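As a starting point, one isolated chain is supplied in structure tokens, in the form predicted on its own.
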Amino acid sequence: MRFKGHALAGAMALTVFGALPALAVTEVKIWHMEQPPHRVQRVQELIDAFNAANPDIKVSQEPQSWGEVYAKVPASIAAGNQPDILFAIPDFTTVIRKVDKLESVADFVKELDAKHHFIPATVEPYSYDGGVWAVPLYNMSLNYWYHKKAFADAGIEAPKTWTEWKSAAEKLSKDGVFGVGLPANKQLYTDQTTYAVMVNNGASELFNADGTLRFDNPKTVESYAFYKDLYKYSSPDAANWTWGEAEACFASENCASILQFTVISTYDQQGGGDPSQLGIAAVPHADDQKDSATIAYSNAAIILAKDAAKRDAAKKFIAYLLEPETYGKFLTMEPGLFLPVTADGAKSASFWSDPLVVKYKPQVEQMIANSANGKLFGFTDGRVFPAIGPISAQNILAETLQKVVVNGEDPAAAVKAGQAAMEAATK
């Protein structure tokens, strides 16, 4: 009888007030370029936890490829079916700003900064033209990875200068082993390794202060000539490599050293997994330079959503990712690759307790140290040159390198042609 009474009361309530309305759900679609399955899985785990805690929001992910996204996003914006959140890098952001009127997220970044304290260098590449155009999420820097045993057997130390780098590559290239692994084709990885060599020869600036190009200069030519010289000790098929082929060569010990953001996951699964034998150092610098530098990317989230409810939901999800208890899980979707952009994230237990981070802690600490001297073409010395967008989109740094290394063109002539290509791209 008691049950009947409750049922009757419920029926009367529905009669009086009507059926309860369904909960309105705001859908948020994310595009990112972290395609490896284990990264997609980790992002999905975080999304599932967020959706469960926020039943009025439904976040979903659609992984994309870097090879297609530069064309795909503008097309999606034109068609009106763009993602609500887009992961990006600084030069890609300049491309998006040309095709979409982005709304500054300066106030949101300020709010997050007060709570988590962004590393200033990670916000600067997105701060120009009176606004902040994306929210920094994670940092990446290129490092010199080497097999300690191979170096010890050859009686050499990790190189610090270009002379030592070339000498080490030459000594280690024997018995089917390549002293170094370097790409040489027209794609983003080659852009990155090429610029990592340039910044270590005082050729970090592609632009003069007035925005005109200064790519064609003696230091750039020297950098391309050195890369060509060093490439002689790389695998014959390296011209077509992207990041995965370089890691595979290193994990199999066919490459004694490579330039790569991280090798930790591949090395642990396929390369024996002995942390005491995994060497990491800063990218060697030219003999007349005092310190090493590297290329570093601050990856960020652009909010493309126009609808107010979607923008609020997108901000809520981004804020959730940056909470220390969540942030470490996000960064360790690829342990050792993605580095913190916030002060409290750098100390978070969720980052430092990851099993691979624990196992390779000295290497991760060295990666963070190397990233402190990170630079990015078009975003140097606190200045931002939005013209870098089309230059990067067309991989002109890599295209120039391919002409020198693969086609055998004279470095000075190739660099001169490279500047002409940049000028044409930015008109």
Partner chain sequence: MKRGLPGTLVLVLSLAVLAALVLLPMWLVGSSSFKLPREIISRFPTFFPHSFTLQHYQKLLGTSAFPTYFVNSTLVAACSAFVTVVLATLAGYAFFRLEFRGRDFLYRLIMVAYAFPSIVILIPIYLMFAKVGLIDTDLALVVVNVTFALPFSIWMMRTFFASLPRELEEAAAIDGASRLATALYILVPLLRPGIAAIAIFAFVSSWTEYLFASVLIISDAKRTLPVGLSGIIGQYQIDWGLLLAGASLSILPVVIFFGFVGRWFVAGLTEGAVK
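Residue numbers count along the first chain shown, from 1. These numbers come from a predicted model, not from an experiment.
Quick note: we don't show the form predicted in complex with its partner chain, though the next part is all about it.
*Asks:* Only one of S353, S276, N208, Q269 gets a heavy atom within 4.5 Å of its partner chain in the predicted bound form. Which one?
*Replies:* Result of the distance check: Q269.
*Asks:* Could you check which residue among A114, A308, A152, A79 gets a heavy atom within 4.5 Å of its partner chain in the predicted bound form?
*Replies:* For this set of options, the contacting one is A79.
*Asks:* Counting only non-hydrogen atoms and a 4.5 angstroms cut-off, does G176 reach its partner chain in the predicted bound form?
*Replies:* Yes, G176 is a contact residue.
*Asks:* With a 4.5 Å heavy atom cut-off, would you call T163 a contact of its partner chain in the predicted bound form?
*Replies:* Close contact is absent here: in the predicted bound form, T163 is far from its partner chain, nothing within 4.5 Å, heavy atoms only.
*Asks:* Considering non-hydrogen atoms and a 4.5 Å limit, does its partner chain approach E253 in the predicted bound form?
*Replies:* Taking the distances in the predicted bound form, the answer for E253 is yes, it comes within 4.5 Å of its partner chain.
*Asks:* Is T262 close enough to touch its partner chain in the predicted bound form, meaning at least one heavy atom pair within 4.5 Å?
*Replies:* Flag for T262 set to yes.
*Asks:* Within 4.5 Å of its partner chain in the predicted bound form, do we find a heavy atom from each of A75, W243 and A248?
*Replies:* Answer is yes for this spot.
*Asks:* Of the listed stretches (220 to 228, 333 to 341, 315 to 323, 196 to 204), which one has a non-hydrogen atom within 4.5 Å of its partner chain in the predicted bound form?
*Replies:* Among the candidates, contact is made by 333 to 341.
*Asks:* What residues of 52 to 89, in sequence order, lie within 4.5 Å of its partner chain in the predicted bound form by heavy atom?
*Replies:* E62, P63, Q64, S65, W66, E68, A71, K72, A75, S76, A78, A79, N81, in sequence order.
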